[in-house]
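Just one chain is shown here, as structure tokens, and it is the form predicted on its own.
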Amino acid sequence: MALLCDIGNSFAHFYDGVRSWREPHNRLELYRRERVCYINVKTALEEELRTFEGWTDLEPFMEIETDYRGLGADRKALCLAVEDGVVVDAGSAVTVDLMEKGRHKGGFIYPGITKMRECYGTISPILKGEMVPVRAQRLPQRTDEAVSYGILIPLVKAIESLGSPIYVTGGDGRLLADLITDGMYDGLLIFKGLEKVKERVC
């Protein structure tokens, strides 16, 4: 049975049908002789991946009805997992896409939560720090809360404006899902989309 692999900008995420795990890009060589069905958004790896004989790139086989130009393979895979609803991937960037009756209606891209947090630290050392819990209904009373609120709440409001249900995934997905009304976190969402393509190809 072939492994599924989602190669992102920061890590490669694998799924064997039971469990998922991630690897740094420099460890992909260890899987060279495995059967792997993958997508890749890290363009610097494309040439190397073509030398992995048992690896099949699923992107050419991913079909989704949309007018959007330049929809990445990772976003396509996520959208293929959802017939109706809002799809949120909170990773290196936050991508938000709307699906209606299997058709992609459009979406937007927001800076990643971690990157946004780092950006505040370049403004002033006082603004450096970790994300802390916030709620839209309560205005912050401390600087660390104010920064977290400023990053998260406008994004949450923009996501909720697209309707529901809302499916959330990605490294910072749990943080967002906890703030979104009826937000549902699913760490395997991208693999559910890839599985549909794999059934036809691998």
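Note that the structure is predicted; figures quoted are calculated from it, not measured. Start at 1 with the first residue shown and count on from there. Take the two forms, superpose them, and find the largest set of C-alpha atoms that agree within 1.5 Å; that set is the rigid core.
Keep in mind the form predicted in complex with another copy of the chain is missing from the figure; the text below concerns it.
Going by heavy atoms within 4.5 Å, which of 173-181, 144-152, 29-37, 46-54 lines up against another copy of the chain in the predicted complex?
Heavy atoms within 4.5 Å of another copy of the chain in the predicted complex occur in 144-152.
Of these, 131, 81, 73, 98, which has a heavy atom no more than 4.5 Å from another copy of the chain in the predicted complex?
When another copy of the chain is considered in the predicted complex, the option within 4.5 Å is 98.
Within 4.5 Å of another copy of the chain in the predicted complex - does that hold for a heavy atom of every one of 93, 107 and 123?
Per the other structure, all of 93, 107 and 123 touch another copy of the chain.
So in the predicted complex, is another copy of the chain close enough to residue 140 to count as touching (4.5 Å, heavy atoms)?
It does: once another copy of the chain is placed as it appears in the predicted complex, residue 140 has a heavy atom within 4.5 Å of it.
State yes or no: in the predicted complex, is some non-hydrogen atom of residue 42 no more than 4.5 angstroms from a non-hydrogen atom of another copy of the chain?
Output for residue 42 is no: heavy atoms all beyond 4.5 Å of another copy of the chain.
Check whether residue 68 has any heavy atom within 4.5 Å of a heavy atom of another copy of the chain in the predicted complex, and answer yes or no.
The answer is yes: residue 68 has a heavy atom within 4.5 Å of another copy of the chain.
Residue 162 near another copy of the chain in the predicted complex, any heavy atom under 4.5 Å?
Flag for residue 162 set to yes.
After a core superposition, would you say residue 120 shifts its C-alpha by at least 2 Å between the shown form and the other one?
Yes, the C-alpha position differs by at least 2 Å between the shown form and the other one.
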